[in-house]
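In the block that follows, a single chain appears as C-alpha cells, in the form predicted alone.
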C-alpha cells in the first residue's frame, strides 16, 4: 500500500513554549508560587522541547525550574548541555554527572534560592499527586526538601496545562493515529493462521514503522480460541488457529506524541457470542462519543458507555476505567471512571475504551482516540468496523 500522507512539522515554535510557560506562571501567581520544579521526561519536554531517548538511562537526574517570570531554567547533567542549549532556553546550568555525593542537588538549591529571592519569597511547587512522580533518589529528595524548606503540591497546575492540547500537539496526534489506522487496515494482508503470536506482533510492529511511526513503544495483545482473557501480556509462541480471536492494542509515537487504540479480529470464523460482544463494545463507544462535549464530565461519559454494556449482558469490567487522556505519555489524565468527575474541555485528547466479559475467561475491549471540539468529538483514529472483522 502506498503512503501519501502529509507530515506535520516536528518540534514546536518558541511561541508555543512561551504560551505554555505564561499559562503556568499565571496559575503559579494565583498560589503565590515563586518557582515550580519538574524532573520527569514529559514535564521537562513540555517546558523546553528537550526530546531525547537518553531518559532510558536511570543514572542521572534532570531538573527544570519554572520561575515566576521569565524563561524556565535547566539544571542538568553536562552530557545534555549541548542538546538543551539548542532549545528555546537561555539559561542552562550543568554539572558533571554521576556524582552520588551531590548529583546536582547543590546546583539546584542555588537556582531555586536565586529564583525565589528574585520573587521576594514564596512557595516552591512540585507535582506530588496521581500520575506524577519524582525522578531522583529519595535521599537526594530529602536533602532538597530540607535545604529548600519543603514543597507545595503543583499537580493541579501540571494537570491543567497538559490535559488541554494546542493545535500543534493535536496535529501530531492526528498524524500518528492516521499512521496506525492505515497499519490496522493492512493487518488482514499480514496475518494468517499458522503464524505464532510472536510472528504476528513482529509483522504488525514492522508495518506501523513502515507506515511512518517513529516508534512502537507499547504493543500488547493476545490470541485465543473463541475468546481472550488477558489482553496486556507479551506474545507467546502459540500458533494462531481457525476460530481464534485477536486483539492488538498499540501506543505508537510521532515526534513524541502517542496514539493508543486497539482492534479486534477473528480468524476464518467467529461464534455468535464473540460477534455480539464486539457489537456491544462498538455501540458502547458510540454512546461515549455522543456523550463527549465540553462541560460534560468523565463520569457521565463512563456511565453512558457502561449502560450499553450492562444492557448487552456484560458480566463485568474490573480494569477500573473506560478510557483516559492521551499525550506525550500513552496514558495521561483524566480517567473515564464512575467517580473521576473531571470536567471535559475543548482540545482535550482522550480515548474511549469500553470493555466487557461476556463469558467466563472471555473479554472484549474496544478503543478509539479523539479530540474534544465545541461541536462534538473529532475522531483521530479511523472508526472501527461495526461488525467483527474476519481474517
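Since the structure is predicted, the reported quantities are computational estimates derived from the model, not experimental observations. Positions refer to the first chain, counted from 1.
There is also a form predicted together with a further copy of the same chain; it is not shown, and the following applies to it.
- For the chain shown alone, residue 342 is not a contact residue for a further copy of the same chain in the predicted complex, no non-hydrogen atom being within 4.5 angstroms.
- a further copy of the same chain in the predicted complex is approached by residue 130, whose closest heavy atom lies within 4.5 angstroms of it.
- Within 4.5 Å of some heavy atom of a further copy of the same chain in the predicted complex lies at least one heavy atom of residue 335.
- Remark: residue 243 does not count among the residues lining a further copy of the same chain in the predicted complex, judged by a heavy atom distance of 4.5 Å or less.
- 79 is the sole member of 118, 79, 311, 296 with a non-hydrogen atom lying within 4.5 angstroms of a further copy of the same chain in the predicted complex.
- Here is the short version: of 278, 261, 184, 258, the single residue with a heavy atom within 4.5 Å of a further copy of the same chain in the predicted complex is 258.
- With a further copy of the same chain omitted here, the record of contacts in the predicted complex names 51-59 of 23-31, 51-59, 66-74, 356-364, defined by a heavy atom within 4.5 Å.
- Annotation for 127-166: interface residues with a further copy of the same chain in the predicted complex are 128, 129, 130, 131, 132, 133, 134, 135, 136, 137, 138, 139, 141, 142, 145 [heavy atom within 4.5 Å].
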